[in-house]
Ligand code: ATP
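Shown next as structure tokens: one chain only, the form predicted on its own.
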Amino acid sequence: MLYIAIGTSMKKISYNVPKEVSRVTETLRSAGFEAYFVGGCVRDILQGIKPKDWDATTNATPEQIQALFEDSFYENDYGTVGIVNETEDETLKVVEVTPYRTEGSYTDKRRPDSVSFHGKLEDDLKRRDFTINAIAYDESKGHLTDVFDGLKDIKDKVLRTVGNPRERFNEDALRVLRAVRLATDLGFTIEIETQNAIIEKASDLAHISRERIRDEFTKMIMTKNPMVGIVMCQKFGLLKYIAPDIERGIGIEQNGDHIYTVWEHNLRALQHSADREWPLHVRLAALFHDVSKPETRRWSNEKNDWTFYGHDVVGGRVSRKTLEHLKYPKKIVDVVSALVRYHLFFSDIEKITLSAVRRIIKNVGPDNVWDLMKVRACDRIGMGRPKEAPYRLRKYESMIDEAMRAPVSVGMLKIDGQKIMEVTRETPGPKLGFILHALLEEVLDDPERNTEEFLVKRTLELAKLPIDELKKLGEEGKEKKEEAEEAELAVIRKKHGVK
């Protein structure tokens, strides 16, 4: 249970911190040190959210912290010690403990030039980024230390920096993007002075490593409302340092099938992927699927409308370049660029052939073809269409199922023509085909017969039959195969509600 008093002199809460986590602060206090939980875990507790990560601060030095915990590691210049704890379900949880510290200037707009571990709790809270992250919690007493009114900002759903926003953003330029990510994730507004400082300091993102930008961008894309985050990034001048090609769709009108500009269409496609809680690569593909419509847009006098021929091909290359620039893993780059490249995979369901479907599966890979359908659904919703899957989409899905199913063929058998020739001494010819189809009929009747031992034995028996009788059995096997195929296809089509 959580109890909070806001707007009075008392600031107390009661929260059951997991034992494997609270043992860290209890051990520090037992050794005579101060210890508080800080940062996102306290913010989550105050919002009624179960924390995923735990951070603590103390007046102990890194060496003193490590002396108290056998399972700990210290691999940075900022005093943060990782303490490994085993939870009740035997998984490992790391609690990060940082000494109270004061910091020197930030000449590289990322790291402090110097760090001192001789400070007070208030000094440590003063160096933090946003007020909602600058609240300390002593769970042993239920006390909150809230020097910068973070509780009020949580209540009002406002994001503001600790102290002067320009100074905070000078310390670490990534904070301008983190502000947008946090506001997006939490559903907060950004206080106006902080907004103005973000706009003023946006260009400092150019000094930040692509990997750090990628990580914040990914977290934003994986929130419940990434469309809001992308809009804020554009408004504050951040998007040009992340994915500038997305901005080119602003104000670009489309043809009669679309009611939104390219910009809004891509954002709505992204939002649909988030509404469906689809994974990162699908969300990125939804965002980038029409990224190259601006440079491929041409006016057609014949159609009296805009055309965008080749935007899928060009978009595949542009999305690859952008994701590589952001240092995404090769697997993500390959999958997203392929989904963008092939998102226009069909047009007329009356002209679709299974061979065309198989080519699409080959191009994107069997593991990604259903994600391609998800991108197609995002594209459709981004056009303002109803959310129910139309017959066309269901037909696509049915044909993919058909193309990917294990074919009913002699290839299913645990024996092949080479093995038959080996055991029967037969030479290549029609008789081998008759035997294989006769064996297939028996396996279709009883799948448990599909073992090499049974099929070798039955092959020796079939090889002794007159050719006419063997031919008759083989033809019956072919008929059985066709019946089995029709039955499978009927089930698939019924599942998707198509003919």
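Quick caveat: nothing in here was measured; it's all calculated off a predicted structure. Heads up: residue numbers just count along the shown sequence, starting at 1.
The protein also exists as the form predicted in complex with the ligand; that form is not presented, and the subsequent description refers to it.
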Can you tell me if residue 129 lies within 4.5 angstroms of the ligand in the predicted complex, counting non-hydrogen atoms only?
yes
Would residue 437 show up as a contact with the ligand in the predicted complex if we use heavy atoms at 4.5 Å?
no
I'd like to check something about residue 133: if you look in the predicted complex, is any of its heavy atoms closer than or equal to 4.5 Å to a heavy atom of the ligand?
yes
Contact between residue 474 and the ligand in the predicted complex at 4.5 Å, heavy atoms?
no
Candidate from 441, 26, 55, 34 lying within 4.5 Å of the ligand in the predicted complex - any heavy atom:
55
Going by heavy atom distances of 4.5 angstroms or less, which of 245, 200, 172, 397 would be at the interface with the ligand in the predicted complex?
172
Out of 316-324, 121-129, 293-301, 142-150, where are the residues with a heavy atom within 4.5 Å of the ligand in the predicted complex?
121-129
Establish, in the predicted complex, whether 265, 268 and 380 all lie within 4.5 Å of the ligand, using non-hydrogen atoms for the distance.
no
Hey, which residues along 199-222 are within 4.5 angstroms of the ligand in the predicted complex, non-hydrogen atoms only?
212, 219
